[in-house]
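Next up is one chain by itself, shown in structure tokens, the form predicted alone.
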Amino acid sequence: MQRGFSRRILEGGQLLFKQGEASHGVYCVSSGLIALRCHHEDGSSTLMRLAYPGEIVGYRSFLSNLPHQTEARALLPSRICTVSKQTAERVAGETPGTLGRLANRCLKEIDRSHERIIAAAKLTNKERLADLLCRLMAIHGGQQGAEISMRLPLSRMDLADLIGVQPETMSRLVKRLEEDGLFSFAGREVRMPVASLQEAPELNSLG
């Protein structure tokens, strides 16, 4: 079974798999950060979600035996463990519990989409952006005195995709958060008071 596993290092910006590509197995993110993005016929694209260490990607294509509906690309240097399609099929056939766990992953992804729809209906755009920045800060931030800071691992356009707003709306939201004193921005560098992060609502894993 070990022969069916391989490990590789992706540099930031390097592709893991293309949208429309046939499934070659499933991929476990061991370290780094992977962006799952959907490309559209008009040339635009939408960031669907982020995959952090411990998450599995590519399983929907494996389970459905259909081409990948998104591309997967490293945003940060990442280490990936690949389980070949042949090995994954053999393991799933011999251990039904493994197949059940993959199905649960699909259900959790559906739940995340459902939660995003509810958040879009109940929270303001500014609240959704603040929540996303807090969750990113909890993962990527480092404390410096009374502040915690991070370098955003994704662009502002990607932030807009994740909260479901237009890029021009994102610029206004960033300005409003700065005016409220919740965050300060300098390019991709973001700062916030440590106390504000500690007072933030319970942080869920990113989706």
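Counting begins at 1, following the sequence as shown. In this text, the rigid core denotes the largest set of C-alpha atoms whose superposition between the two forms falls within 1.5 Å. From a predicted model like this one, the values you see are computed outputs, not experimental measurements.
Omitted here: the form predicted in complex with the DNA. The next part is about that form.
Residues of just one listed stretch (29-37, 44-52, 159-167, 134-142) have heavy atoms within 4.5 Å of the DNA in the predicted bound form: 159-167.
Using a 4.5 Å cutoff between non-hydrogen atoms, Ser171 counts as a contact of the DNA in the predicted bound form. At a distance threshold of 4.5 angstroms between non-hydrogen atoms, Thr87 is out of contact with the DNA in the predicted bound form. The DNA in the predicted bound form is not approached by Arg60, whose heavy atoms all lie more than 4.5 angstroms from it. Heavy atoms of Ser149 never reach within 4.5 Å of the DNA in the predicted bound form, leaving it off the interface. The Cα shift for Arg128 between the shown form and the other one, taken after rigid core superposition, is 2 angstroms or larger. Relative to the superposed core, Leu36 undergoes a Cα shift smaller than 2 Å between the shown form and the other one.
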